[in-house]
Each structure stands twice: as C-alpha cells, then as structure tokens.
Ligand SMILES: Cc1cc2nc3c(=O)[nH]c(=O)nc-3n(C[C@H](O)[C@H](O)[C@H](O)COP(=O)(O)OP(=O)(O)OC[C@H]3O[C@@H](n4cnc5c(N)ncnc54)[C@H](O)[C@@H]3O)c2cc1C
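In structure tokens, the next block holds one chain alone, the form predicted on its own.
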Amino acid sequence: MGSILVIAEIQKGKVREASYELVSFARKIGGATNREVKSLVMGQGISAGAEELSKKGGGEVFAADDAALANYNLDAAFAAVQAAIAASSADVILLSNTPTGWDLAPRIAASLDAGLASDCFNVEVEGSDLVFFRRFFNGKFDSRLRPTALPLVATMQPGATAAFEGAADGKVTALSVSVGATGTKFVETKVAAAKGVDLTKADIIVSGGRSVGSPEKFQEVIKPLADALGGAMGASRPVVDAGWLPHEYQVGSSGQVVSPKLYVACGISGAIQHLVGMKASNFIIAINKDADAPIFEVANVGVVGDLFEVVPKLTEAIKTAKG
C-alpha cells in the first residue's frame, strides 16, 4: 500500500494554513485506509517550517532545501515533487487549490498517468474507494468523483475544512533534488496593497445581505456587532455587486469559502452560492424576517425578526456582558 503525500506551501517563511488543512484531509484518508501521511516542504531556509509541520500531523516531512526552490518555479518544484513521490511511494497526492496547486497538479498527474480531482471541498472513504466532492454550476450541484485506479492527484479548497490541530510527532528527512535547467526563471513578486481582511483566517464573521439596505447601514449595524464579537465583517454577493463593499468581503462560491467558529448571517436569504461559502462553519446564527429563508436550513440558531431591531440589541447585550 502507498502513502498520502501532502504538498505544503511556504508563504513569508512559514507553512501556509491551507497546508495544515490538507493534513486534516490526509489524516482522514490515512485513518480509513491505513496509509501513512507524509509531506513535502520545499524552498530555501525551510527547516523551521518542516520541523513544525512534522510536529503537527505532517508525518515524515521531506525537506527540499535548495536555492533553486527559493522562489516558485514550475520546473524546480516539479523536480522536488518527483523526488518526494519516489521517496514516499505515495499513491495519493494532495495540493491546495491555489495558483501553485493549479500549476503543479496537472503536471504531476500527467507524469504519473494519474487521475486528477480538482477544486474539491471534501473527501470520504467508502469501502476501499476514495470519493472526492466538488461543486459545479456555480455551486448549485455537488459531484462525487470516485477514481477507478491509483495513483491520484487532488487539489482541495482552502477553507473547506479546519486545519489539523492535534499533536502527532513525525520526523524531518532531508531530500536531495536535482533541479537541472529550467525553462523559466523567477523575476519578482508583486504584492497588491492589503485590503479588508482575510476571512479564511477569521474565527468569527458577521455577514450582511442586500436587506441591510446601504453601505452606511453596514457601518452602523453590521460592523458594530462584528467589533463587539471580536470578529470580521463579511457580505453576500449582491452587496459586493452593488459596490457597497469590496470583493474581499464576499463569502460564497465566487468569493471566499470560510469555516469560522461562529458565522452570523444578517438579512441573508441563503442562496446556494452563499451557502457554499459558509455552511462548513462550526456554528451558524441566522437573522432574517422571512421564516422560509433557505439560510435557516443550515443555521444552528435562527432568529425570525427585523435585523435592524435584533442586531443592535444583540450588539448592546454583548457589550454589556463584556463589561
């Protein structure tokens, strides 16, 4: 039997949160199929990141530390992945559904003559089969992908599951990589000016829908509740389309997929495109005056009422409780 190989990503010198989410999926598969979880960390000066990953569920972590891997390059990264697959005997390779994953996954699959399941939000083990789940038609339908043979390469949506938080000691193994000549070279990285918040990292999100009525009402009603809870503000697509808030605040299939500890939906009816982005939240509170709104189907607590009456009272109650 093979193993599961997590292709971790380094960002600003640290292993990305999305890579620890991959570990959660990998350990889920490993526990059900008796496969070992192994990981690859590649870059330059990545020993600390590799050590951390080995202690947080990554199993045996292959550390490819080379100047040629200091900045992402498809040819160099692919060489490191090939070496890691050979060292781990992996037959399931997991990557994040990020630009790096989009670039690498097809190249890996083609080299292995393997199946490719892209943009998946979940995986289950049914009998001896792996079943990957992905959405299509703008989130209206879920599809089940059951590979007929291994090896398999899959990319998983960031934010679709919680990052692995358990303690599971592994080890770090230095991985020698022969990069050779590459067809491309790194020039520079341009980082866009930071705007809004990264909702995928927020533990608490308070989102508003079109029923909030105006951008001013978001600042008067929704933001005070988010601030009182120590959370971030989010929005549905109609709010962003109307220009009330920038796109980085959008939760949904065409925005950010989030899984906070608490999600408060204010005046959001619950169109499938929005539910796709937030239904993995640990606890959901929905406030809507329409008792038949679809959002109540996924909510843990539903409040049927006018958000302009409920939300301010809730905000004041939280402030009072905090003293």
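What we label the rigid core is the largest C-alpha set whose atoms superpose within 1.5 Å from one form to the other. All values reported here derive from a predicted model rather than from experimental measurement. Just count from 1 along the sequence shown to find any residue number.
Not on display, but discussed next: the form predicted in complex with the named molecule.
Undergrad: On the criterion of a non-hydrogen atom at 4.5 angstroms or closer, are 24, 47 and 53 all touching the named molecule in the predicted complex?
TA: The answer is no: none of the three residues contacts the partner (heavy atom, 4.5 Å cut-off).
Undergrad: Does the named molecule come within 4.5 Å of any heavy atom of residue 293 in the predicted complex?
TA: Residue 293 belongs to the contact set for the named molecule.
Undergrad: At the 4.5 Å heavy atom threshold, is residue 269 in contact with the named molecule in the predicted complex?
TA: Contact with the named molecule, yes.
Undergrad: Just checking whether residue 307 would be counted as a contact of the named molecule in the predicted complex - the rule being heavy atoms within 4.5 angstroms.
TA: Residue-level check for residue 307: yes, a contact with the named molecule.
Undergrad: Counting only non-hydrogen atoms and a 4.5 angstroms cut-off, does residue 30 reach the named molecule in the predicted complex?
TA: Contact with the named molecule, no.
Undergrad: Among 73, 118, 98, 253, which has any heavy atom within 4.5 Å of the named molecule in the predicted complex?
TA: So the residue touching the named molecule in the predicted complex, by this definition, is 253.
Undergrad: Counting any heavy atom within 4.5 Å as contact, can you tell me which stretch out of 230-238, 88-96, 166-174, 146-154 lines the named molecule in the predicted complex?
TA: Looking at the other structure, the answer is 230-238.
Undergrad: In sequence order, which positions of 274-298 have a non-hydrogen atom within 4.5 Å of the named molecule in the predicted complex?
TA: Result: 274, 287, 288, 289, 290, 293.
Undergrad: Core-aligned, does residue 98 move its Cα 2 Å or more between the shown form and the other one?
TA: No, because once the rigid core is superposed, the C-alpha of residue 98 moves less than 2 Å between the shown form and the other one.
Undergrad: Given a core-based superposition, decide whether the C-alpha of residue 15 shifts by 2 Å or more between the shown form and the other one.
TA: No, the C-alpha moves less than 2 Å.
Undergrad: Would you say residue 250 moves its Cα by 2 Å or more between the shown form and the other one, aligning on the core?
TA: Where the cores coincide, residue 250 still shows a C-alpha shift between the shown form and the other one that is 2 Å or more.
Undergrad: Do residue 159 and residue 254 move together or apart in the predicted complex, judged by C-alpha distance changing 3 Å or more?
TA: Note: Cα gap between residue 159 and residue 254 shrinks in the predicted complex.
Undergrad: Taking the shown form as reference, are the C-alpha positions of residue 6 and residue 258 brought closer or pushed farther apart in the predicted complex, with a change of 3 Å or more?
TA: Relative to the shown form, the pair is farther apart.
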